[in-house]
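Here we start with a single chain on its own, the form predicted on its own, put down as structure tokens.
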Amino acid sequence: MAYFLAVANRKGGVGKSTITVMLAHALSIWGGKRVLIIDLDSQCNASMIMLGGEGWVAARSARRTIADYFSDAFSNRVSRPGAYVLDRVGDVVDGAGRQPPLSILPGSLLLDDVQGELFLLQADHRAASDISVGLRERLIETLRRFEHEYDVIILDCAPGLSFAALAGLKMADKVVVPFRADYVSLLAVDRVALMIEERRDLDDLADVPLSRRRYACLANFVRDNGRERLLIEEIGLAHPVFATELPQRDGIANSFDWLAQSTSMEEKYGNAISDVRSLYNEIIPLMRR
């Protein structure tokens, strides 16, 4: 049964998709895990990193995207969920030059529209809040249909409050919350933490020990200055934070680009390879049940 790992934040521009792909590469190549990325963000950044523009367009033309899967699943037209998944994807190979066991259910620009249509399909005389909860639970059930085929399923969540993102937060065994060291991120981390732990306010959240929370925060785009260090420490007082910090490095920025030719982890991440290894070493113990 798969371990569900979500990457989420209420704020955009914090590197969620890059970190999703970074973890997928590390877990499949170094960990030998069968990894599935499910792109729940209509910006489709994780899909672009893994498939390139032409590959993503081909997936969309073949109706192999998350929007197609949700739409067909709710209409009972899905007999084999794996038909929507693209296998052996990405531009990174292992030490023997082999494609890792890494797959993706690509994102779709139409995902938000499809979620709206699914909401309307559920509508009757129930209150909107009841419909929302019901839709979230059906999406969770639909996403769980992949759990027996993979060791790890990584959910790249949209920054807003889409039904798919809420389903991802609800079902995840662990949520990685990337953040920038600024005050907007401080507020965004508070908000997403309340959603993950299903707490009313920060006082209520404080009753949950840091060691028992389902999320951990990851400082990204870190620069070595006193102001950012204070903000990271402030977040660490109220939330669990990874010891790994991802600095502003060319290796991380360049990893966003899809390469037409296969490459190694070391070539892909360049001067950031030690950062990727550090994060991988922290993630692995969390996945031991």
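This is a predicted model, so every value here is computed, not measured. Just count from 1 along the sequence shown to find any residue number.
Below, we refer to the form predicted in complex with a small molecule, which is not included among the displayed structures.
Of the candidate stretches 247 to 255, 227 to 235, 30 to 38, 64 to 72, only 247 to 255 has residues whose heavy atoms lie within 4.5 Å of the small molecule in the model of the complex. Proximity of Lys11 to the small molecule in the model of the complex falls within the 4.5 Å heavy atom cutoff.
At a distance threshold of 4.5 angstroms between non-hydrogen atoms, Phe221 is in contact with the small molecule in the model of the complex. When contacts are judged by a 4.5 Å heavy atom cut-off, Gln43 counts as touching the small molecule in the model of the complex. For Pro101, no non-hydrogen atom is located within 4.5 Å of the small molecule in the model of the complex, even though that partner is not displayed.
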